[in-house]
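One chain follows as structure tokens, the form predicted alone.
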Amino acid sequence: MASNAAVPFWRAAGMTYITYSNICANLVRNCLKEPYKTEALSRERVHFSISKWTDGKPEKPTIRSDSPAE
């Protein structure tokens, strides 16, 4: 017997929840008025570090700052 359970529309569209939530967050940010829009866009920036491992030991980490593609 086939299940009639509801499937979330983002899943039915072939998206992951992270992709769906990122799309929603971008829509909300773009709908904001100034100065809230600029403030929200500044929080979108991502900071992270990358460390290469050689012989089981980490090398000096590289700090990166990326912002989403526009």
Partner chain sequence: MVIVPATTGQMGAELKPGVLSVHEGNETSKYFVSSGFVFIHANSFADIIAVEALPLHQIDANLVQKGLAEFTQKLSSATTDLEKAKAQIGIDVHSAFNSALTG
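Please read these numbers as outputs of a predicted model, since none were measured by experiment. Numbering follows the first chain given and starts at 1.
From this point on, the text means the form predicted together with the partner chain, which you will not see here.
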query	finding
4.5 angstroms heavy atom contact with the partner chain in the predicted bound form for residue 48	no
In the predicted bound form, residue 38 touching the partner chain (heavy atom, 4.5 Å)	no
Distance check, residue 53 to the partner chain in the predicted bound form, heavy atom within 4.5 Å	no
Contacts with the partner chain in the predicted bound form, stretch 23 to 54 (heavy atom within 4.5 Å)	23, 24, 25, 27, 28, 29, 30, 31, 32, 33, 36, 37, 43
